[in-house]
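Before any questions on how it binds or moves, here is one chain, the form predicted on its own, in C-alpha cells.
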C-alpha cells in the first residue's frame, strides 16, 4: 500500500472528506478540515508511519502532505 493510500485510509477512518474524491491535488480546505482535525490527522499519520511531522510545515494538498511523509521516511 502506498503512502497516499495509507493517508487516504486514515482520512476515511476519521470521516474526513466524505463524498469527495481524494486525489493528490485535494486541498485540506476542500476536505473542510478545521485546525483541530488537521492536528488529529497529523498525529494519526505520525503513529501510522512512526515519524514526527514538523509543526511548522504547512502542506495545503494531500500530495504535499504525502511528500512530507515520504521525505521523513527517507531520513
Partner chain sequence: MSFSIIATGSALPKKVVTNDDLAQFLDTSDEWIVTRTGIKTRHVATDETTSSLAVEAAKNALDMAHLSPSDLDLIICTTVTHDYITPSLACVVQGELGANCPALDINAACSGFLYALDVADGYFARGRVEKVLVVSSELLTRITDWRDRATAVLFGDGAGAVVLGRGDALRSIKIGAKGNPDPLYSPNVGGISPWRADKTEPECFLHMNGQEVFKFAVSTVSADLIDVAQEAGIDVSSLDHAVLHQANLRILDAAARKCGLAPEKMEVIIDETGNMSSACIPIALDRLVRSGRLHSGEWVALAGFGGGYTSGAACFKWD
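The model shown is predicted, which means the values in this text are computed figures rather than measured ones. Positions refer to the first chain, counted from 1.
Omitted here: the form predicted in complex with the partner chain. The next part is about that form.
Asks: Determine whether any heavy atom of residue 27 comes within 4.5 Å of a heavy atom of the partner chain in the predicted complex, and answer yes or no.
Replies: Looking in the predicted complex, residue contacts with the partner chain do not include residue 27, since no heavy atom lies within 4.5 Å.
Asks: Within 4.5 Å, heavy atoms only: does residue 53 come near the partner chain in the predicted complex?
Replies: The answer is yes: residue 53 has a heavy atom within 4.5 Å of the partner chain.
Asks: If you look in the predicted complex, which residues in 27-49 sit within 4.5 Å of the partner chain (heavy atoms)?
Replies: Residues within 4.5 Å: 34, 35, 36, 37, 39, 40, 43, 46, 47.
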